[in-house]
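First structure 1, then structure 2: two forms of the same chain, each alone, as structure tokens.
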Structure 1
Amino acid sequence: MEYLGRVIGRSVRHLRFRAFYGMEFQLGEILVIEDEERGRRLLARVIDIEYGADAPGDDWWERTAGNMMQGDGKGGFEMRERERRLFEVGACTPLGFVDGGTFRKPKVLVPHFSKVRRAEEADFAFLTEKMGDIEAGLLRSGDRKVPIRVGISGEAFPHHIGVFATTGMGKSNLMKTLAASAMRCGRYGMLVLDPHGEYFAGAPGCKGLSHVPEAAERMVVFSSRSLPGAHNTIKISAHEIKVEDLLNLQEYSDAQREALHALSAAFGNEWMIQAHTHESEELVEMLHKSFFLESINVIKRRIKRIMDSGKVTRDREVSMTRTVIDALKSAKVVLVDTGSMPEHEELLVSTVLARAVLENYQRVYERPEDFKFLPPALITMEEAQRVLGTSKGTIFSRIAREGRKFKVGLCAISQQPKLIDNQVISQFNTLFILGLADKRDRDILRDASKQDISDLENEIQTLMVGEALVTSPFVPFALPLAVYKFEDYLDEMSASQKGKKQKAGPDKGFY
């Protein structure tokens, strides 16, 4: 056990300790303070590091630096008793006591001058039973990886997840890892909406979800472009597009909104087909001349754009939504690659699918015996700020407010949490916070977190690529995480699968 120093005070919520000269410890590192009087340990996180010295006078630092500068080039300046007089001071936030394998929040002080040491794997053993079955990476202490797996429970999917990071800090790597873990687990559904086309095959030099060993059995893929592997074509039926879907995508005047609802009331689920087929003048007559021709013309142009996209069919039997929902109910990962689609088409497909999933799960909710066995589903949305800028209107904000009851969760992925409505972001119980450069973004996540991370500003600012904090009411404190590199995780999955096949022996395939 590496002995670092001793506690020198402050309060039950903020501790300071003096470390030996030359003893290095890091911002964000989790240390152990020994309460030898009561036979327990206090875990504490380093939130700041300061210089310290046993020296007379407030100006000792300046005087000593000046003496050194004068001695430079003249044989140097030798400081006497350097190792006794110089030290570092660590400022810590107490996380909690570990007593007999039980963790509890700190409400009392440790004894004066208690020993401080570096944490070891055994000190975190209590965490293993709290980690969920969807793996994300390894516990991190400073930049040191601790061989304790960190994950979230798939049962927490309906409580919503936020993934926030500046570009290049590892959002895509994290999401691919979570999706691969969901395939490996095989107990939860995940709908991955990929507007950048980077999840299936991966970026150059990286692997994608198609390389996951379980992908052939546990993943269903839809794409708007040709992919180097098995996939289906994105196609939705005009019969399943509702007025609210269009209202989520574009601005309409009050008169145009009323006209859209009138078309829906007049033609039912064929309203888009009728609006596309008939001339504007005919539609004005069919709606009893209640609307101006100009309003109908605007609607016609926008509907024509949708119907001519090639992604919308008139055939009510040709649609991907039923396959998507069936796959989610079978606890599979559904990847919808819209990388080659314009944004308005991508958002339309995403909106229709998300609404269909929520409405289907709502119907199953009315049958308690069936609902009991329905696997939770998570809908992941890249660039989530595009559809979550308000707490009302979009299906995604509706899922954030209502989905928990129906086992439907939302995973919002964004570089700019400040653009997401505060009421919506407050619904995310689990946050993966990677490196964020903007202070406003960090402040918003600090206020939205279900755990107090107000002291972790410095740590968040110093997060490197692939490092994260996980905050959730389902873990005892904000966990520092070293996210698996996706390719390394695939190697582990492949090795594990080979091991299972070897163990199967002659009974392989019996069940």
Structure 2
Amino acid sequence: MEYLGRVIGRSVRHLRFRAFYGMEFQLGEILVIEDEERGRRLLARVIDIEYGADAPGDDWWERTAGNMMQGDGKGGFEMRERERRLFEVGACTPLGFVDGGTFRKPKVLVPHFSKVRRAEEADFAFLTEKMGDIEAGLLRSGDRKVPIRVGISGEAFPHHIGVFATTGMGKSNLMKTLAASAMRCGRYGMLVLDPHGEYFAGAPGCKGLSHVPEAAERMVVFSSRSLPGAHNTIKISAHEIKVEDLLNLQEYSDAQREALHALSAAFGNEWMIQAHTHESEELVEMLHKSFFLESINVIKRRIKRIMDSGKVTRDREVSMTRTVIDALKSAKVVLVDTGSMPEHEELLVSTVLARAVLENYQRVYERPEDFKFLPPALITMEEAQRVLGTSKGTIFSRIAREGRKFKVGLCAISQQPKLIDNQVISQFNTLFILGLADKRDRDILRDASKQDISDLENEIQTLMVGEALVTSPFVPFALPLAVYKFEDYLDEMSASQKGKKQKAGPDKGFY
């Protein structure tokens, strides 16, 4: 038990302690304050570290530094009894009392001068039962890893997740880890939309979801290009595309907009096929000449481009959506690799799939007996600010608002949470906050987070790659997390699978 110092103040929300000279503790580190009078412990998080000295008078610092600088030039100096005179002052936010196995919010003070020590694994034991089945990494105290697994519950998927970080801080690594964990756990559906095409095989030098030992059984892959492994082709049906989808993805003039709506009104979900099939002049006729030929021409050109992409068929039955939904319902991970597609196609496919999932789950909802057994599904979207911006009424913002009821959750991944609509972001119950350089991004998350993280500004600013804070109403405080490096997590998965197989071996093989 490493004795660090003693409490010197200051209030129930803001504790300060004097630490022994040279005793190192870090921003973000979780410490234990012993309440010896009541036989319980207070966990507290370091939010700032200051200098302290037993100094006679306020100008001691300047004078002493001045004397040292003089001494550097002539005569030298020797700071006597450094350990006694100098110290550090830690400022902490109390997290809560651990009293036996229970955790309580810190509403009272610890006694004056209570002892402060470094936290040990046992101090966090109470967290273990609060941890969910989808693993993300280990508990972190400063930059030290504590061997307590941190995970979120898959049951919380429909409450939506936000993953936010500046580029390169480890968003994709975290998503791969969550997906791998979902495969291992096998209780939830996860639709992973991968516009960078980085999840299947992994970036060069890294590994991907195809390396997850359970992938063969628990992952279904779609791709528009050839991948080094079993996969299906991306194909959606023109019937599944709605006018709003195009409106959300491309700029249209008011006239073109109206024409699109008119097409939809006239042909229902056949509108795209009809528009593709007929000549512009015919369409103008069919729409009772309410629209100029030019408007129809623009629309036709764009539809042609979509139809020619090879991802959209006229055939209602060929679509991938059925397979995707079935896989999700059997609690599998569906990876949709759109790495080789232009952005508007990628978004179109994503939109169609997301809507298909939501609508299907909505239908199951009508049958309570079936709905009870429907595994929650999570749809992950990279660069989510593209579809969750203020003005966008996309299927994704609809899922954020309505999905919860139907067990469909959205996992928005973004470098710029400030571009996401406030209403939408407030729907995310669980936030993974990794290193975020931009203050405005941090401010947005501070307001959106389900725990008070206003004191954690210093910590968030100093997060390193793979270090995160998890906030959610399901954990007692903003949890510091060291995300597993995906490759390490895989190694561990393989090791534990081997262990399992060996154990299972004699039983199965013997008779």
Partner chain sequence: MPHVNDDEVRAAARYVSTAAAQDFDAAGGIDHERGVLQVRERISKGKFIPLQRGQARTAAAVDGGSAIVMDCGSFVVGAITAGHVTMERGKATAHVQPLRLLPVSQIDKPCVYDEIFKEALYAAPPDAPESLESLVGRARNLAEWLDAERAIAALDKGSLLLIDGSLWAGTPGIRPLVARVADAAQKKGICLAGVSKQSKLYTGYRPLVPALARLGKREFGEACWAYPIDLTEYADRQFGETFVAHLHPMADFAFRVDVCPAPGRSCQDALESLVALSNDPGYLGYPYPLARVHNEVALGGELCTELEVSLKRAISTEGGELGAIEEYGRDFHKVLDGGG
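Bear in mind the structure is a predicted one, so any value in this text is a computation, not a measurement. If you superpose the two forms and keep the largest set of C-alpha atoms that fall within 1.5 Å, you have the rigid core. Structure 1's sequence is the ruler for residue numbers, which start at 1.
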Requested in this report: Eyeball the pair and call it: which is the form predicted together with its partner chain?
Outcome: 2
Query raised in the report: Would the C-alpha of Glu258 be classed as shifted by 2 Å or more between structures 1 and 2 after rigid-core alignment?
Result: yes
